[in-house]
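Here you get one chain, nothing else, as structure tokens; it is the form predicted on its own.
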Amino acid sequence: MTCEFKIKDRVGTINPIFTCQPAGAQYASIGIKDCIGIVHGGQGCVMFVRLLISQHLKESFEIASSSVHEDGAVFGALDRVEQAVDVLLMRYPHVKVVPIITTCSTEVIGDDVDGVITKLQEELLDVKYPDREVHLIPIHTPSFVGSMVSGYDVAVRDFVKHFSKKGKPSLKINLITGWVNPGDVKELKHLLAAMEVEANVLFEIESFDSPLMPDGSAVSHGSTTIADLEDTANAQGTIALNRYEGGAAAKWLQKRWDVPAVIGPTPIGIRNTDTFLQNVKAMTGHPIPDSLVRERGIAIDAITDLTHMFLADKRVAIYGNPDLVLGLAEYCLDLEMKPVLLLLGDENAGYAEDPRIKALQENVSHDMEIVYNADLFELEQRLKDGLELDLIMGHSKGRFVSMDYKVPMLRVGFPTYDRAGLYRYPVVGYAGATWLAEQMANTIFSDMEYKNNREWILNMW
């Protein structure tokens, strides 16, 4: 039995798994309080990303564009940045944080975003807004390299580099969540609260599951404050849940401010959640309370009800963000399932050194393929060539493959827009482990009914 790790052996991309770097920077920026980003590029560079995020979270939010047109793409468009910053600050008097997120067009033409920020500080902020706190932050995310995953990682690092400030040592930890849902943040905060651990949560998007109030006062925006970001330099340590979505910021804090860093594992499933809690305990000295031991036991009981009878030996394909995919694959193995195809949607040379991938290569007892720089055509082609699957796990972009080849699919990851309320449910922690196992089983059950399988195909009856 082999676990083959390889790059896609085909030129070009058909039905991409990821979108581009600026999307990741935009997703990071919405997690900061009093922040509106300006995407320096064409109008579509913000419109389509905002549509994706709004479809996923079912909420509206503010993000701006410099709206570069043909003349700017030829002659430069820094004047559009100057106008955008001024208009934004006039219209939104509460805004304090303005990341300038570059795109492929403005990086290709060589717009000096860092230089124009220096100019704006002297000629606009110091003159027109002298008594107002405003932070202009360049975030370089050219779309022709990387993906939305690396864009998120770059943005988190750049926010931390800009704001972190050495001061009085803090008893808090830094928790870098990675690209998660409001339900994940709620679950992570619950675990830390149970251990009586305070944290600077990067980024706090629980509030995107926002109410519709009679007075119209509720607005969807992130809750991570400037003070939280400044305090990252003073924390006991940093725990970045994902290697590729916040790992760069954790490493930078360790190098610059000597804040100890622990990167991963993504706390998907029982085993990885246990490790996360042990890391928090080692970093803070706070014990793991009996309440969490009980939650763990409830999750294990729920999983035990499903694993051997309904999930064991089921063949799974998983695609999406790399930390999510690898965390789900590890959890599927713990559930006695067989992840046979993992698709990672960008070309990252670091994947070859990922200890999770190396562990899969050394330990899996069935044939598995891990393909990077992959697209959803890879999944379709393998199904066309006879790959047998019981379940697909990934975001909504793969739904047509699921429909065409009649393989049931559990929506997980970003974006998910053809199922209701998934952003409310965690995939991390003990609650996430329970939800995932039950949803996998229910997806398979529903597919049996859809295919009129009156004699259920189970491992035992």
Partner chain sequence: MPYHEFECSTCIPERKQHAVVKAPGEDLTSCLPLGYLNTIPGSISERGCAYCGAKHVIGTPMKDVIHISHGPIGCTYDTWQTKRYISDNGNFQLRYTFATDVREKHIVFGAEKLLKQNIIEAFKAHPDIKRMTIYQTCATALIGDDIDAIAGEVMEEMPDVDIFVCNSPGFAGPSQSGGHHKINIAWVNNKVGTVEPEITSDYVINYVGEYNIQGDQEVMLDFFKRMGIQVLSTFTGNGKYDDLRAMHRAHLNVLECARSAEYICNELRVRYGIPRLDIDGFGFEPLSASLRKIGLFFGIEDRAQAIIDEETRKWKPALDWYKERLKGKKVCLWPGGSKLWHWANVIEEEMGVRVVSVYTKFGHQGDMEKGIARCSEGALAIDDPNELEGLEALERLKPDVIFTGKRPGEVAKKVGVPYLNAHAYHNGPYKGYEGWVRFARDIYNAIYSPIHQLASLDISKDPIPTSHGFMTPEMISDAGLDEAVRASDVLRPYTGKADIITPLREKTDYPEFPRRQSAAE
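Computed from a prediction, not measured in an experiment: that's the story for all the values here. Numbering follows the first chain given and starts at 1.
Below, we refer to the form predicted in complex with the partner chain, which is not included among the displayed structures.
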Practice task
Determine which one of 138 to 146, 188 to 196, 283 to 291, 158 to 166 lies within 4.5 Å of the partner chain in the predicted complex, judging by heavy atom distances; exactly one does.
Solution key: 138 to 146
Practice task
Using the partner position in the predicted complex, report whether Pro415 sits within 4.5 Å of the partner chain, counting heavy atoms only.
Solution key: yes
Practice task
Using the partner position in the predicted complex, report whether Lys255 sits within 4.5 Å of the partner chain, counting heavy atoms only.
Solution key: no
Exercise for the section: Spell out, yes or no, whether the shortest heavy atom distance between Arg91 and the partner chain in the predicted complex is within 4.5 Å. Expected result: yes
Problem - is_contact(Tyr425, the partner chain) in the predicted complex, heavy atom dist at most 4.5 Å - result: no
Problem - Complete contact of Phe5, Val259 and Asn279 with the partner chain in the predicted complex (any heavy atom, 4.5 Å) - result: no
Handout entry: Heavy atom within 4.5 Å of the partner chain in the predicted complex - qualifying residues of 363 to 377
Key = Asn373, Leu376, Phe377
